[in-house]
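Shown below, as structure tokens, is a lone chain in the form predicted on its own; questions about how it binds or moves come after it.
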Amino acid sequence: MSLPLGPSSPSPFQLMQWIGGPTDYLHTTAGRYGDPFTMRVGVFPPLVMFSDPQAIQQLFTAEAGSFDAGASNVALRPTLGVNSLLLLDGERHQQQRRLLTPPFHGERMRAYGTLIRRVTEEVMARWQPGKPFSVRSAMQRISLRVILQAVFGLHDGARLVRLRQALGDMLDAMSSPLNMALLLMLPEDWGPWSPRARLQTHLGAIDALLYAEIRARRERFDPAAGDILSLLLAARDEAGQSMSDIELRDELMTLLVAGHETTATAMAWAFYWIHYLPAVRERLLAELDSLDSDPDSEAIARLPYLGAVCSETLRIYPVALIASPRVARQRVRIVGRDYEAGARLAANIYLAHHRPETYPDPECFRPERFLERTFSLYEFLPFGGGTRRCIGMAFALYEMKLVLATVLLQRDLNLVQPRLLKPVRRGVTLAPPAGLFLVATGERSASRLLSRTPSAGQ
């Protein structure tokens, strides 16, 4: 099969570049070979990368049945399971999307606004004035508590605490570039001390907790409960069959892993940019201060500059570097080139977001660009696109806006070491380095209200 040109270096070397320095690898490769190009990493088949909006549109809007996508996510199978939405294709994938999408949209999603703000305030209460705290760790605590309650309806209890700890331990173990490379390169049965074996140990602890919760909820099923597990327990397929415990486990694991780590990373980046660039912070604070003293969640979510800051955060360093790869089921034509059945094709989110033709000065963090024009679904695609677009997109943006607003309205924060940060790989995401710390320098609520109170002479 004739594919576009790409690096000729050995695939293990490309894998190490892709994992250890993904943005440098992409810039260098795209600069040398143009768009599209073919990358070969590790044991995986060649992958053709596109960043041109026309190519991405053709990829995302191809005729039904042209591609499979779940099969390309096989590396996630040991963690998420064979029944995960991310590994399904065809009608079964669409059926699960229809089932899982409603809780993350509309009134059901907005019902979580109070929860998001309350959890944020509880985490924020632990920040001691003058004592630096890890931004990513703080955001992970918020997003994990929110998703656990949204998925399970869990508020307190030993199982919640243990599940929170077990998930954090697993994600930390998978986060380093070296462990990521070894997980992709080593066979599953490579000894008890291999990263794969350690991952299985973490998964065993999480599975025990998930299955225990599933059993308990089946025994005391509440049809009026609004959490996602209750919705899944009540679901029936065309034959009237309910989901098995294994199917439930795989979907719950997918929501827990994909639904909090990615959002935490995006929020950490947003706090970094807001406090690294004084002009951004001042404009955002001015917009937030225009709200009532006790704004509702919907008023916060509608703020235009806050939305632009979130969008620019997701543009400059998208959490996912590429959209879910598509595997051609038949010959397809993308921008004048034919690809045979079996070809693996992917929209490169990072490169699409750094095209100077679309985003002038793409390395510059400038939220105003999202107020000046509207970008198409093929130019701005932080959540992927087509039938594989992330079902939690609206929920993630809603949570991101409410967390940012809740913190900025109540706390004055400073970067501990103001400097330009470059992204690093954390698992499959593009995250800030471990050294991103903020420090609380005071409370804003009282001074904000005082500044809005009319003087005696007014």
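Position 1 is the first residue in the sequence shown; the rest follow in order. No experiment lies behind these values; they were computed from the predicted model shown.
Not on display, but discussed next: the form predicted in complex with a small molecule.
Asks: The small molecule isn't shown here, but in the predicted bound form, which of 274-282, 380-388, 207-215, 367-375 has heavy atoms within 4.5 Å of it?
Replies: So the stretch in question is 380-388.
Asks: Let me know the one among 328, 306, 85, 351 whose heavy atoms come within 4.5 Å of the small molecule in the predicted bound form, would you?
Replies: By the 4.5 Å heavy-atom cutoff, the listed residue in contact is 85.
Asks: Which pick from 252, 116, 135, 323 sits with a heavy atom within 4.5 Å of the small molecule in the predicted bound form?
Replies: So the residue touching the small molecule in the predicted bound form, by this definition, is 323.
Asks: Taking a heavy atom within 4.5 Å as contact, would all three of 16, 170 and 198 count as contacting the small molecule in the predicted bound form?
Replies: Verified in the predicted bound form; spot residues all out of contact, no.
Asks: With the partner left out here, check for me: in the predicted bound form, does some heavy atom of residue 230 sit within 4.5 Å of the small molecule?
Replies: No, no contact at 4.5 Å.
Asks: Taking any heavy atom pair closer than or equal to 4.5 Å as contact, tell me whether residue 97 reaches the small molecule in the predicted bound form.
Replies: Residue 97: contacts the small molecule in the predicted bound form.
Asks: I'd like to check something about residue 148: if you look in the predicted bound form, is any of its heavy atoms closer than or equal to 4.5 Å to a heavy atom of the small molecule?
Replies: It does not: once the small molecule is placed as it appears in the predicted bound form, residue 148 has no heavy atom within 4.5 Å of it.
Asks: Classify residue 311 as contacting or not contacting the small molecule in the predicted bound form by the rule of any non-hydrogen atom within 4.5 angstroms, answering yes or no.
Replies: No, no contact at 4.5 Å.
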